[in-house]
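Quick heads-up: it's one chain on its own, the form predicted alone, in structure tokens.
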């Protein structure tokens, strides 16, 4: 569990300076108690999952990607477009993130402009890096260049595939409105790649020889993120690190926590300072559940029968 004692009060100052997340009409007598609360998005493209969550007021946005669109039934580009436009209309004016599929700067910019034309609430997801993994000849800075170009065109960007605070900072500097750190995948990576005889998180951070004579040092993340606790808490510590850096420099880019595995990670992300959580529909579908709530409701219902006579 991410320790509450590690939460940073400085992140609150940043949050209350940012726009209200819940707005009410001017004629409303009772003020809303959570106007600076975090926003919750659904990480799915299935209308059947999104609509009840949206109508219930549980979510105020959606994030999609090609995999989620395929799961939602899209078998072609035209079908993916139809689903995306339907989502944009349903959620308007709330944001819907649509991910780019092209991998070169000019093609990505052109595709982004097309996606943005589908609805004024469209947010364009841009992978911040990893391009040379697909083709070694690709420009490693493609993602950052595209983010900058889209910001110059007044298109809102969600910088995705964020796994350390450096990526988050550079994406924000390029103009990203959101950065999406992936919690679950960080823990998955550490569980799979850590050397068991060394400290947890060593596959992400390990410096035993400052000269790196063996060439085996890992500095993908800071020691705090990688080794400052249990492997399962790595994502929470990354969010906190980004939140503190953004607070230090009054960066208004929102931290959109992604890749959730369970409810505990949701709570930990909020403690760490995430602005937005994008959560799978199957987790959101159980947002009101708890075994004690179920038992309490059953008890209250049975006791209330006496008043029905």
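Residue numbers count along the first chain shown, from 1. As the structure is a prediction and not an experimental result, all values here were calculated from the model.
Below, we refer to the form predicted in complex with a small molecule, which is not included among the displayed structures.
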Within 4.5 Å of the small molecule in the predicted complex: all of 167, 246 and 254, by heavy atom? no
Where, among 45-53, 258-266, 236-244, 28-36, do residues come within 4.5 Å of the small molecule in the predicted complex by heavy atom distance? 258-266
Residue-level contact is defined here as any heavy atom of the residue lying within 4.5 Å of the small molecule in the predicted complex; does residue 185 satisfy this criterion? yes
Considering only heavy atoms, tell me if residue 60 and the small molecule come within 4.5 Å of each other in the predicted complex. no
Determine whether any heavy atom of residue 277 comes within 4.5 Å of a heavy atom of the small molecule in the predicted complex, and answer yes or no. no
Spell out, yes or no, whether the shortest heavy atom distance between residue 69 and the small molecule in the predicted complex is within 4.5 Å. no
